[in-house]
Each structure stands twice: as structure tokens, then as C-alpha cells.
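So this first bit is one chain, no partners, the form predicted on its own, shown in C-alpha cells.
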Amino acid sequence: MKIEEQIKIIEFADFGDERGNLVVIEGDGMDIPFDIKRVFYIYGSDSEVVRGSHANRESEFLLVNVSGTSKVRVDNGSEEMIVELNRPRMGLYIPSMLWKDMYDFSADSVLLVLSSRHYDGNEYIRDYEEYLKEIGKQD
């Protein structure tokens, strides 16, 4: 399957008015295709830092740069795609078993991550060669 068919870029509605902006993200199939079990965010990184560098066996993710910008490289073992997260209304849905790297963080970047599962270190694949073996791309 092509990587463009696996990930999804989502534009969320902005309910802002003269008082400011309000963006709502609802799980369980409303805006994103999973129920939200965990929320975390990355900030204080710079343009030289690479975060992620792993795949998850079960977790699905939605990434939103609520402030600033960052890039996400998503890899399915056959091809890769780079997505720049540069609007607080823009989300990147990443299903399980895709390799991801987050990088090129602006100084004001706050990358919000919503996850379909609670943290379980055993479901992380942190070695790219192991990832390729698990998805059947290497012996």
C-alpha cells in the first residue's frame, strides 16, 4: 500500500471569532479514527534534534503542531513521505506499524501527540532493521 493511502492529513474546524481561535479535536471516529488514551507534547527541541525514530506495533497517533512548525518523516519500509506540520488546525494521522521521525523543530514548536493506547514500551520497535523484518521487508 502506498504511504499516501496509509497516513491522513486532517484539517480541523476553527471555531474562532473576534476573541481568538478555538480548535476542537474529538476522538472515537468524530475527527480522528481512534479513542484518545494518551496525550503528550514535545517542546524545547531545536532544528538539529530528531525525535521518534521508532514504529509502534499497536498505537495509532495524531500529531499537531499547536505552535510553531516541525517536520515528520513517515516510512513504511518501501517508501517515505515528509509532512511539514505548520498550522495549528492541521493534524497528521499515523496508523500503527509505520516508522516515524520528527525533526526540524522551530524555536517555538509545541508538537501535540494524541495516542490510541496507553504507553507500553514493549510495543515500540526502536531498531529500523528489526522494523523491516517485522513488516516482511527483510530476512
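Since we're looking at a predicted model, the values are computed, not measured. So that there is no doubt, residue numbering starts at 1 and follows the sequence shown.
Missing here is the form predicted together with ligand TYD; even so, the following discussion is about that form.
Distance criterion of 4.5 Å from any heavy atom to ligand TYD in the predicted complex singles out R51 from the list R51, R73, R57, R89. In terms of contact with ligand TYD in the predicted complex, the residue from M97, I36, V66, I42 that brings a heavy atom within 4.5 Å is I42. In the predicted complex, no heavy atom of L114 sits within 4.5 Å of ligand TYD.
Ligand TYD in the predicted complex comes within 4.5 Å of no heavy atom belonging to F15. Although the partner is absent here, M102 is a contact residue: one of its heavy atoms lies within 4.5 angstroms of ligand TYD in the predicted complex. The closest heavy atom approach of Y124 to ligand TYD in the predicted complex falls within 4.5 Å. Residues of 11-34 include none with a non-hydrogen atom no more than 4.5 angstroms from ligand TYD in the predicted complex.
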